[in-house]
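Take a look at this one chain, the form predicted alone, written out in structure tokens.
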Amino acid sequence: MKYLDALIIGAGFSGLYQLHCLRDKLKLNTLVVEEGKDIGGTWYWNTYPGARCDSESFTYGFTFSEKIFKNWTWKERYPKQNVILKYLKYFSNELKLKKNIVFNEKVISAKYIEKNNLWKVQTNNKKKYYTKYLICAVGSLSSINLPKIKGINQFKGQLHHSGRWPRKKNKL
């Protein structure tokens, strides 16, 4: 069991920024729990060929730090998935965020214990965390929705979802 001031679920844009704010600005004992093997959120999971942002790149830059903002240059108006991941890694490295992130761990339950004013959070690795603040930064684009199609179990070909594209086969 581990006691924390704050626990953040998800290491995408929101989760990383929340970690910076809570840990570095407010000096709270903070941890991020991330299901994936690395940071990135939506941009970690969606690796299908041609994946890129539909918002202009300048909207993706954190502006709270002049150094971080000025030391990164977007080369395309609508950046590709791998470029966005590079940016997040740059951001994470500059602020040394990874030391407060656990990877390959999924939150499976969170229960508020009113008498203790704490959240009890459990993961698939049987870890338990108690935290005063629980921030869900999972992002709606990181989860997948598999349609229920009659007869899909009999399909003999390959099935891929854009949100869980095979990592070793980025081309069809």
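What you see is a predicted model; the values in this text were computed from it and never measured. When you see a residue number, it is the position in the sequence shown, counting from 1.
Although it is not shown, the form predicted in complex with a small molecule is what the next lines describe.
Residues with any non-hydrogen atom within 4.5 angstroms of the small molecule in the predicted complex fall in just one of 23 to 31, 112 to 120, 64 to 72, 130 to 138: 130 to 138. The small molecule is not drawn, but in the predicted complex it has no heavy atom within 4.5 Å of residue 125. For the chain shown alone, residue 11 is a contact residue for the small molecule in the predicted complex, at least one non-hydrogen atom being within 4.5 angstroms.
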